[in-house]
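Quick setup: one chain, the form predicted on its own, written in structure tokens, and binding and motion questions come after.
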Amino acid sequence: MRYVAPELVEKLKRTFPEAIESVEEFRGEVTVTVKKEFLLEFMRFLKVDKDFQMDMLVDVTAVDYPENEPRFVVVYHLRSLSKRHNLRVKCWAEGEEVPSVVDIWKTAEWTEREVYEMFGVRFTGRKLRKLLLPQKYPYFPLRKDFPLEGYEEPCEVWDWE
């Protein structure tokens, strides 16, 4: 499956001139970085616009850049099954939070929870519960400052609700 065509990238630039921070293409893969305040509008457009029809949220993940401010970038992998193209959207998590896209794609329910659990990035507009770790576990294992040997915790942290 290919990524969106250059003319569709130009359409995004014309439609959202203030929202797009950058567009990168590497080995045919297109990545659009969007400002946080425009994320929901941008994502809704991608889902409903007849040229994009990004009807599938394949994955949501994050990348930790401890030396940067903001520290985390949230990465959305989108696919259109009818148009047979992909697009990667990035958004810097200022204040370690971004708006939730659960209202646009229900699959974000699980993937946003996983990003919260592993990186500590919060998604506004929804309640977050951990998926794999105990609810009281205070650390985020995929942050780059998390020690490889982990932390020893007293038993009360391991609540397994």
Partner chain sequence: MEREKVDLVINMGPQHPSTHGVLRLILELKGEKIVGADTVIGYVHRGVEKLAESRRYMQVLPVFDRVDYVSATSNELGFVLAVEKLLGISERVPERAQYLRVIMAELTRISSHLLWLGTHALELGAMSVFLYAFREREKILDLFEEIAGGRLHTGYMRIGGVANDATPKFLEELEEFLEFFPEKIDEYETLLTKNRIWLSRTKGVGVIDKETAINWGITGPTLRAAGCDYDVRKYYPYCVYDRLEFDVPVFHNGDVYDRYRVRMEEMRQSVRIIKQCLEKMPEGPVQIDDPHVFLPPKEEVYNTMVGLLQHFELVIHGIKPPPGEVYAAVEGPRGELGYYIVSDGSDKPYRLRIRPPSLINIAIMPELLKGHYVADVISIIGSLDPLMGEVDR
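Residue numbers count along the first chain shown, from 1. A quick note: this is a predicted structure, and the numbers were derived from the prediction, not measured.
Same protein, other form: the form predicted in complex with its partner chain, not shown, and the subject of what follows.
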property	result
4.5 Å heavy atom contact, residue 13 to its partner chain in the predicted complex	no
Interface membership of residue 111, its partner chain in the predicted complex, 4.5 Å heavy atom rule	yes
Residue contact check: residue 124 to its partner chain in the predicted complex, 4.5 Å heavy atom	no
is_contact(residue 128, its partner chain) in the predicted complex, heavy atom dist at most 4.5 Å	no
Residues in 42-64 with any heavy atom within 4.5 Å of its partner chain in the predicted complex	47, 55, 56, 57, 58, 59, 60, 61, 62, 63, 64
